[in-house]
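Below sits a lone chain in structure tokens, taken as the form predicted on its own.
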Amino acid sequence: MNNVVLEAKGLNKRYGNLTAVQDLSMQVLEGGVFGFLGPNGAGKTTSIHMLCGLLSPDAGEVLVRGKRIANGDPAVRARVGMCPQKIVVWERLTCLEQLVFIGEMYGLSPSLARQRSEQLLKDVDLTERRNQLAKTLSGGMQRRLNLALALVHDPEIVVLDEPEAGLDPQTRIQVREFIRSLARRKTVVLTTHDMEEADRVSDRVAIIDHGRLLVLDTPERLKRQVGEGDTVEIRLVEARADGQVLAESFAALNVEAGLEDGGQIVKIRALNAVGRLPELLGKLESLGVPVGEVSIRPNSLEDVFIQLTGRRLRE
């Protein structure tokens, strides 16, 4: 489906001298998963809050099905549900009580709110905890309850901000499967630092940094932008500092190569990397470079992310 359900037009947001979001324009299409990625401090959370109508932009607008989310019409805003990265539950309400409470806040009748709440508790595997106070739940259970709270009013767009953050492997798999089932019925906007997960589940991906949109496309097209072929990573016995020499030597073979991880890894991109591996290793041998572990993999969304945003750690 190619219908635009959520659109940002020229969003800007400043906090004093800090520009958090700068001229952000993008379209989210109906159905599936829209991956919204960026390093820490890139402006993702501020953007998400504006997309959900929780924060007013300094300039620009957000449209849901062509209607402004900030026009005061609660029916427009109710089309978007949000599960924040930080778990938010009422500790002194039971799981069922808070779901019913949120449903009624959105205008559902008590009977419909209860019906939807019971079904969501079943969907997130919390039926046996329905009458248990939220404060007594484990972190993973609270995360699943948070997902249910975002869905009780049956929004057509669901924004999930780092929904797998801090989860153990078993709960992560459970949440992941729920998100995939959700994407068959609704439009999901997903922020995550797990590039492999974003690659697996996203139909389209947007990457932002310093408040600006860098790219927006399908994962496959983005990976092709990195370069054709596979990625060979060769861990060296000793770190090297002659990256330029290596790059020029491999360029003669029509291969892109460079040093990473403080000169400890040679990263090579090449077509038919498996077939050419003896040639590539022979080149390193001719340069007097002792080789350790060798791995070969296809280009990944993480390669795209690092190429666009760099390797510098963000606070």
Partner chain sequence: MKAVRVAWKTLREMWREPQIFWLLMLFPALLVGIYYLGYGNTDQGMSQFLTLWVCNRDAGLRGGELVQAFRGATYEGAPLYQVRETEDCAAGERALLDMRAAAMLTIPEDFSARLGRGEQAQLDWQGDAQADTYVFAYSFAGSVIQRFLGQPEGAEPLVYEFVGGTGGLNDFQVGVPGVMVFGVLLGALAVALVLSRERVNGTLQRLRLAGKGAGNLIGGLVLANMLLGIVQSAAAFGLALACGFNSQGSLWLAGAVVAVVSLTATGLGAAAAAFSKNDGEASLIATGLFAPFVFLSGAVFPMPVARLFEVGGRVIQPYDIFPTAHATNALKRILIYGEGAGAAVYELAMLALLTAGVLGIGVWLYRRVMR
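As the structure is a prediction and not an experimental result, all values here were calculated from the model. Numbering follows the first chain given and starts at 1.
The protein also exists as the form predicted together with its partner chain; that form is not presented, and the subsequent description refers to it.
Out of the listed residues Val89, Leu167, Leu236, Leu216, Val89 is the one that sits within 4.5 Å of its partner chain in the predicted bound form by at least one heavy atom. Note on the partner interface in the predicted bound form: the residue among Ile268, Leu284, Cys52, Val33 having a heavy atom within 4.5 angstroms of its partner chain is Cys52. Taking the partner from the other structure, its partner chain in the predicted bound form has a heavy atom within 4.5 Å of a heavy atom of Asn146.
Taking the partner from elsewhere, Phe101 is found to have a heavy atom lying within 4.5 Å of its partner chain in the predicted bound form. In the predicted bound form, no heavy atom of Val201 sits within 4.5 Å of its partner chain.
At the 4.5 Å threshold, heavy atoms of Met82 reach its partner chain in the predicted bound form.
Screening 169-177, 90-98, 216-224, 192-200 for residues having heavy atoms within 4.5 Å of its partner chain in the predicted bound form returns a single hit, 90-98.
No residue of the trio Val5, Leu18 and Lys44 has any heavy atom within 4.5 Å of its partner chain in the predicted bound form.
Of all the residues from 276-295, none has a non-hydrogen atom no more than 4.5 Å from its partner chain in the predicted bound form.
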